[in-house]
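Taking the form predicted on its own, here's one chain by itself in structure tokens.
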Amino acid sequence: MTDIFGEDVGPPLGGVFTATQGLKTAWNSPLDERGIVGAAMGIAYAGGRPVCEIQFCDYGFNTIDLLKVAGNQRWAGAGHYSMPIVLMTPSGSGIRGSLYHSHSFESIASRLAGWKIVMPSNPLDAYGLMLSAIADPNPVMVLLPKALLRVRGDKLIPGEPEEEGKLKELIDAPVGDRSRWRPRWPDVQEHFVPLGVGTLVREGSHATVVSYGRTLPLCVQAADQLEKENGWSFDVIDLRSIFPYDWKMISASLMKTGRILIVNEDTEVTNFGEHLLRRVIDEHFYDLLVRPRALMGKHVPGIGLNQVYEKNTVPQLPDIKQAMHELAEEEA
């Protein structure tokens, strides 16, 4: 059991996306991101393993200096001073959050040496990565795709009721007075997803697609459509962990297909995908059949509230499908 604290994560709301609704150890903090990170570090120094939340990653930028300190403590102390904090925060677009609620954070986070960074694309992985993050002696950032936070996965958490309505009945608080409401948690079992291990969600031979978070399900949809329409099959890799990441899986797939596309929604300048692209070129230049590609968000100051602006700022299904089509059909 561990403390979970942050902006509105305790009663009555349980977080903006109700992810912590009804948890006994969740409590509300002031609207102070630096105070949240600092308090988490203090609890960790005292021997705790806290989970703290910044309500939206867009407001994590003013904590960068503290995140840097948190990341170097275990290294600077030669392993004698652990920093087992978990920072979870919703990231990315998809909720029409406009300028201040649509940023992606993974590229910034990947530069924070000492931190482990994960970004799930489904509830089961989110559960398993969170448990592994809490158990890890290093600081771990759990980036939760905003657009997927209320989406039911096709793989159930062990012990989760199969009927969707049953789960809502057990754990969703009623609208209005919640003073007497108590959740009835299903008897879920532990499920750990190792940090740094990706998963192959589609297997194919024509090309490799690497993604995570919100864009991963879109890559899967595009792969399924292109296989039906053109007979092309794709390796679609869900990276799950941004750092450390599963280079062995990427490398093995690329050796098989000779073609690769990296997809995410962060802005295209100094994007984490560019790092992967550089490593692909460094280590697999002579294995490539065609030029490697990356599909990323536009490098603009923000995302507009208008749905048209949002859809044209970050990759959507048609963009991903077109990029995969061009990758597969280019002559070697």
Partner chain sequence: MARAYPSDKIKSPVHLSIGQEAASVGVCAALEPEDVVFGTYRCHALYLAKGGDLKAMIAELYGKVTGCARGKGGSMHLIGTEVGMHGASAVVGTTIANAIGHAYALKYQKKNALVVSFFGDGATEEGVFGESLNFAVLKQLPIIFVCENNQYAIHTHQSRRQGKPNVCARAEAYGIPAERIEHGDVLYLYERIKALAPKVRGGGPHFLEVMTYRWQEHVGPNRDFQLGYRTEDEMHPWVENDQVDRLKHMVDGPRRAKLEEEVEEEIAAAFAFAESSPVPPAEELYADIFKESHS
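Residue numbers count along the first chain shown, from 1. As the structure is a prediction and not an experimental result, all values here were calculated from the model.
Although it is not shown, the form predicted together with the partner chain is what the next lines describe.
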Note to self: Please tell me whether the candidate spot formed by D3, P137 and R182 is one where all three residues come within 4.5 Å of the partner chain in the predicted bound form (heavy atoms).
What the structure shows: no
Item checked: Proximity of P318 to the partner chain in the predicted bound form, heavy atoms at 4.5 Å -> no
Next item on the list: Answer yes if any heavy atom of T20 is within 4.5 Å of a heavy atom of the partner chain in the predicted bound form; otherwise answer no.
Entry: no
Item checked: Interface membership of H284, the partner chain in the predicted bound form, 4.5 Å heavy atom rule -> no
Check: Going by a heavy atom distance of 4.5 Å, is H101 a contact of the partner chain in the predicted bound form?
Finding: yes
Item checked: Proximity to the partner chain in the predicted bound form, single hit among V290, V300, V69, V269 (heavy atom within 4.5 Å) -> V300
Check: Ok, R152, R178, K166, K256: which has a heavy atom sitting within 4.5 Å of the partner chain in the predicted bound form?
Finding: R178
Next item on the list: Choose one stretch from 259 to 267, 273 to 281, 31 to 39, 44 to 52: the one whose residues place a heavy atom within 4.5 angstroms of the partner chain in the predicted bound form.
Entry: 31 to 39
Checklist line | in the predicted bound form: members of 309 to 325 within 4.5 Å of the partner chain, any heavy atom | finding: Y309, N312, T313
